[in-house]
Each structure stands twice: as structure tokens, then as C-alpha cells.
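Single chain ahead, by itself, as C-alpha cells, in the form predicted alone.
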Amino acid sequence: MVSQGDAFCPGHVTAFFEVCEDPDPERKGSRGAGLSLSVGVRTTARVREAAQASLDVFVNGRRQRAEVTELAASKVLGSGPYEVKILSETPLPVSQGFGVSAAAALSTAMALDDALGLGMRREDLVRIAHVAEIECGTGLGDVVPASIGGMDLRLEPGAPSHGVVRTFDVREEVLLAVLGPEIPTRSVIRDPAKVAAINRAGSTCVAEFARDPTLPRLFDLGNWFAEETGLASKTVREVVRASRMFGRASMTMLGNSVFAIGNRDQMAPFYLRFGTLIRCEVDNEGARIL
């Protein structure tokens, strides 16, 4: 007999961040701020008992080697003799700063728990997804804020019981635009020189945002951070500046992409010149069972 569970996790964009190292993956992560998105990853987990364990992951209908998803699933499943199919759907591109790996890991953990009726604590499922992303080097701080929703200020890094996150309800429409090639997160967070620049600027941004945690301030600090760290490409810098005629935009961390608010009818045609454009809203609910 096949049992099934379904879950959704919002995507997440970070405007600025600080890398926080720790040998314990539950304590490792980032400080920073960002937004959860109404677009993310919807995952269906189908499970049945089998003589030999197996795990297959499909993303948007295609079988894929999904390292973070597989690791999160294995942590939920343990040594159980299950035949498992993970079916994830997302409109978001990977390695563009939209928190896809985090959303896939958490929605998978939640869907599997639902399918098997394990009754695991929500904090434990979030911890599993956070640790999976840390161990795979695909991200640092998307899982916990995406589990909560809204606009977030991450004051302390890590999984639940270690991380400290303030969230704010925000009702806003958002545009996501991809402007260039992928930026693999591990290529940045494993570069000591880049991390040093990120941490100098990131710590300043966190302190400033804590004093005035508003949506306009998120964009102002995000733009300063992107330029100060040198992470923004020439194209991203020019698009952000041009966007000021109709609203506000900031680089997604880490991707050759921007997220923006303002007059979407004016901004959308401009962003479409570069390719991928996604319309969404801020998600204030966080990850959930469907």
C-alpha cells in the first residue's frame, strides 16, 4: 500500500547576510534579512514498504540527482525499508538566490513525515532540512525563515533552538528577474576573501536593519551590501539603478538576479528583456502541509 504526503515551502530571497561558521551544522548558518515568497517548492512524497530501500527524486517531472533533497529524506527515513518517490514542482530556477534547495529539503522532510505518519516535531523537520543544506554547502540561512514566512531578520545563526529570527508580516507584490548565469552558493561561501568582505558589510547591515526593520530599509541596505562586497555584476548594478524610476530592486543573495517591488506594469517589460521573470507575493505563512 502506498502512502502519500504533500507539503509546500516558500522560496526565500536574502538581501544581505553574514557567514557564521561553526563545526556543528546545527549552529552554523548566517545572520541577515530577506523575504519569503509565495512561489517555492511543492513536494509530494509517495512511500511504500519494500524488501529493498530505494529513493528516487523527480523535479518538474524529470528524475534528478538532488543532493540536498536526498540527504534530508534519508535523515527522516532512517534505516526504514521503504521505496520512496519524491516529486517536487517549482517555477524557480536553481543557483539564482531564490532558496530552492532549502525549500526542496524542507518540503520533502515535511511531506515524508506526513506520508509516514511519524508525527515528528516541526522544529526537528526544520533542523533536518537546515543541516542537510549546511552539509551539502548549498546555503546557510534560507530554511528557518522560509519555515516561518514574512520578512525576516536573522539575529543568530543555526537551526531551531540555536537560531534567533524575528519576522514581520508584509503584504507586498514582488517581481523576480534573472539577469545572468547561475552563481553556485558554495563557490562564494568557501572563498575566504569573499567571506571576509561579506562579513564586514553583513554585520553592519544586520545592526542597521535591527534599528529600522522596514521593507524600504531592506532594499536600501541590500543595495549597499551588494556594491560594498563586489558581489553584484555590472548588469545587476545597472538594473537596480534603472529600477528606481518605478520602484525598488535589490540583488538576490546569491544569484545573478533581483527581487523588486513597485509599479510592476512598468518594471516587468524592462526585466523581460533579460529572460526569466516571475510574479509573486510575500508569503507570510511559511512552510506547511497541504
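Residue numbers run from 1 along the displayed sequence. What you see is a predicted model; the values in this text were computed from it and never measured.
Omitted here: the form predicted together with another copy of the chain. The next part is about that form.
Undergrad: So which of 64, 233, 38, 44 reaches within 4.5 angstroms of another copy of the chain in the predicted complex, heavy atom to heavy atom?
TA: The option sitting close enough to the partner is 64.
Undergrad: If you check 220, 182, 135, 208 against another copy of the chain in the predicted complex, which one has a heavy atom within 4.5 Å?
TA: When another copy of the chain is considered in the predicted complex, the option within 4.5 Å is 182.
Undergrad: Using a 4.5 Å heavy atom cut-off, indicate which stretch of 29-37, 240-248, 44-52, 261-269 touches another copy of the chain in the predicted complex.
TA: Residues of 261-269 come within 4.5 Å of the partner.
Undergrad: Taking any heavy atom pair closer than or equal to 4.5 Å as contact, tell me whether residue 94 reaches another copy of the chain in the predicted complex.
TA: Within the cut-off, so yes.
Undergrad: Within 4.5 Å, heavy atoms only: does residue 89 come near another copy of the chain in the predicted complex?
TA: Heavy-atom contact with another copy of the chain at 4.5 Å: present for residue 89.
Undergrad: With a 4.5 Å heavy atom cut-off, would you call residue 76 a contact of another copy of the chain in the predicted complex?
TA: Answer no; every heavy atom of residue 76 is more than 4.5 Å from another copy of the chain in the predicted complex.
Undergrad: Look up in the predicted complex whether residue 20 has a non-hydrogen atom within 4.5 angstroms of another copy of the chain, and give yes or no.
TA: Taking the distances in the predicted complex, the answer for residue 20 is no, it never comes within 4.5 Å of another copy of the chain.
Undergrad: Counting only non-hydrogen atoms and a 4.5 Å cut-off, give the residues of 261-289 close to another copy of the chain in the predicted complex.
TA: Counting only heavy atoms within 4.5 Å of another copy of the chain in the predicted complex, the contacting residues of 261-289 are 264, 265, 268, 269, 272, 273, 275, 276, 277, 278, 279.
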